[in-house]
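Presented as structure tokens, the chain that follows is alone, the form predicted alone.
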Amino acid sequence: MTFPATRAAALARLDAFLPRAGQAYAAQRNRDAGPDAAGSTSRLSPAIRRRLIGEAEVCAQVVAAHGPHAAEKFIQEVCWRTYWVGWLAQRPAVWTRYTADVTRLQGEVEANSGLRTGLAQAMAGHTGIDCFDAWVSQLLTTGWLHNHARMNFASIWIFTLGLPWQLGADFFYRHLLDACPASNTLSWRWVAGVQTLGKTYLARADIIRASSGGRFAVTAPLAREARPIADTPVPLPIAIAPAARADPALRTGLFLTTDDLSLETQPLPPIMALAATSRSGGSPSALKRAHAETALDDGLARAAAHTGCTAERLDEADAITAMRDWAARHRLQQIVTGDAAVGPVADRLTALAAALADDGVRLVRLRRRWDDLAWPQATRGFFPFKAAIPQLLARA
């Protein structure tokens, strides 16, 4: 099981999957035949997560190949990720609360031997639940799980094993190659019943057996009731700030993060310097970090060819100081980078903008047209957002 880590490989994977992205995808997308079987899904999600390839170009090619009706299910799956990002961008307090919960719960793990033992067994795949333990092994060795496996994994983690959903989301975030702060966190919240209050997802042995083609016996008892989980009310959405614009008259540097590695496909002012750090937030697994590093190397190489600048890798241990020194060396007046709505990269960009401002340097977070059009539509549930997808495709 491989996942494209360069733009060229992502485009090739899209081209190879196109014949199956229409009615065949709609019919087979819920089948999870395992890591060694031919996939019913495109496995493009890690490349889309890093913006090696964009949602707009993926959707455009699938619609061109199959038409909007036959392509509808595939397009919706791509748009679910966009929806989650837009939803969380308008409710950043949900992300802040989640990260605080993870820190608090990690402290509780140290003090609670029962929780510590249960968590260790779950993360090692030693629970005795055949499907769950197999999914842990697959996650650790490939960095990916089918969407149905993710939902059932989360449900078993929360309701059968009785573990905090926040620690499960953190476990996924450290290992899934395609985990983004929005889709990962909010999907776990949905399974737990705190995203849409009162609506939980309860894993069932018969559905797991059917969707996996009978690979799992699932003889261990699964929870038959979803215990209610207390949580604070979902905050009302706040307006997304208008997209920033670069000033073409200013001496400009280009800074890449692992949230957007194809900035050369966007309108850019003249670029005088190019740099990146490899920090991606959290404590990623060695597999996830290696995938991100390969993608970053590819993004830097393409950006260097596009701008004519030599790519520089800055010290990630003290990224703000390294960025200020880099800006001073190149006499930069503004630095452009890809926008990040919420999450570790967004948090670091906010801190970086404040530090650079003290030096008189602007940090401009370039937002893609797809995001600018889609995020404001994510004010409520997915179904109202889904109604706006045809217009989004036409305009983007």
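In case it trips you up, residue 1 is the first one in the sequence shown, and so on. Because the structure is a prediction, the values reported are computed rather than measured.
The protein also exists as the form predicted in complex with a small molecule; that form is not presented, and the subsequent description refers to it.
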query: Residue contact check: residue 144 to the small molecule in the model of the complex, 4.5 Å heavy atom; finding: yes
query: Partner proximity in the model of the complex: residue 176 to the small molecule, non-hydrogen atom cutoff 4.5 Å; finding: yes
query: Distance check, residue 84 to the small molecule in the model of the complex, heavy atom within 4.5 Å; finding: yes
query: Distance check, residue 132 to the small molecule in the model of the complex, heavy atom within 4.5 Å; finding: no
query: Heavy atom distance at most 4.5 Å to the small molecule in the model of the complex, all of 258, 368 and 375; finding: no
query: Answer range among 102 to 110, 268 to 276, 203 to 211, 72 to 80 for contact with the small molecule, defined in the model of the complex as heavy atoms within 4.5 Å; finding: 72 to 80
query: Listed residue (348, 66, 43, 51) with a non-hydrogen atom within 4.5 angstroms of the small molecule in the model of the complex; finding: 43
query: Single option in 89, 122, 151, 296 placed near the small molecule in the model of the complex, where near means a heavy atom within 4.5 Å; finding: 151
